[in-house]
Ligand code: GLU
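Quick heads-up: it's one chain on its own, the form predicted on its own, in structure tokens.
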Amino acid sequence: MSRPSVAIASLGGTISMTPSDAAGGVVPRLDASQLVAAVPGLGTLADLTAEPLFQLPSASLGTAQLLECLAWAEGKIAGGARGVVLTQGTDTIEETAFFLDLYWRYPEPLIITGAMRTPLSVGADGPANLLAAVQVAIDDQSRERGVLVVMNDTVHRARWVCKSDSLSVQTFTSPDGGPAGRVVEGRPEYFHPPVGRPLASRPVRTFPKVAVVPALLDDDGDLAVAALDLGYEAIVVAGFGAGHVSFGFAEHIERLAKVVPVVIASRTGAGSTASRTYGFAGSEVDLARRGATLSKWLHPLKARLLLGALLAAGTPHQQIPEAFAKWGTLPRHSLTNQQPAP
């Protein structure tokens, strides 16, 4: 019986960082083959290929690089890989995972992992995370689940995963949706069957600039107005509570929504925006009436990526609320309904 094949690519990040006297701290240096070589027994699980794609701290990854990663991963699956693993910095994993999940149309899993401690640290977590990522990638139960984040022996779905602590190895959580599963004795055990995932159409233009503007005490959202002057093509407002802003901010939103798409999310980090509870000026009912789209369960950072993907695919502004409804509501079926992206 032949062993499964897994393709691994390194993008940089803490998992690859070693000290640099010149830089005054650690910097990305190790590539995918070096990371694989540091994990005892990893090569016995699968036939591995390891390639460096980038050598960047994850804060400097962008949509252009991620589309390159997507194309690389798709090529590996087309070539027969059971799964694909990307290693990167943890600062942006919650965003990169969701971005890639918007387009990942294969039943084979795309796994993202990294590390909170550098390779030379006491208790470095990178090797264990990479081992768990490959264990998840080769397991049949991982199919039809899209992009998964594997950290600290926990499996998270791209839609829900968030970084919740600046330095702890237990930083990744999945508010509301909960983790997808745990890695136990070398195999993933999933808590729920796969659920349907909508897919975004492929970009037909460069990704637009989409601003995320928080609602703040004693602030009327002047930054949202300024964003248009800076060339932003859409705005996500990280609103108070269930999707609320001040009286003055609400007036800005009404004017802005006539020009660009405006999406209202919650800045709280968990929970859905409301839709029919509050009716005061600046409430979710009022903002929808003024032309804004409510993100429902989508975190502001993920709402930004979805909004950018819709615009990059040429989605007309009037269709954005309907498109957001596909991602913002909770999936209610256990079988995927994915269609290949055009």
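The first residue of the shown sequence is 1; numbering continues from there. Everything quoted here is computed from the prediction, not taken from an experiment.
There is another form of the same protein, the form predicted together with ligand GLU; it is not shown, and what comes next is about it.
Student: Does every residue of Gly13, Thr90 and Met116 put a non-hydrogen atom within 4.5 angstroms of ligand GLU in the model of the complex?
Tutor: Spot residues vs ligand GLU: full contact, yes.
Student: Any idea which of 50-58, 274-282, 302-310, 29-37 reaches within 4.5 Å of ligand GLU in the model of the complex, heavy atoms considered?
Tutor: Within 4.5 Å of the partner lies stretch 50-58.
Student: Find the only residue in Arg202, Arg143, Arg187, Lys163 having a heavy atom within 4.5 Å of ligand GLU in the model of the complex.
Tutor: Only one listed residue qualifies here, and that residue is Lys163.
Student: Verify the contact flag for Met17: yes if a non-hydrogen atom of it lies within 4.5 Å of a non-hydrogen atom of ligand GLU in the model of the complex, no if not.
Tutor: Yes, contact at 4.5 Å.
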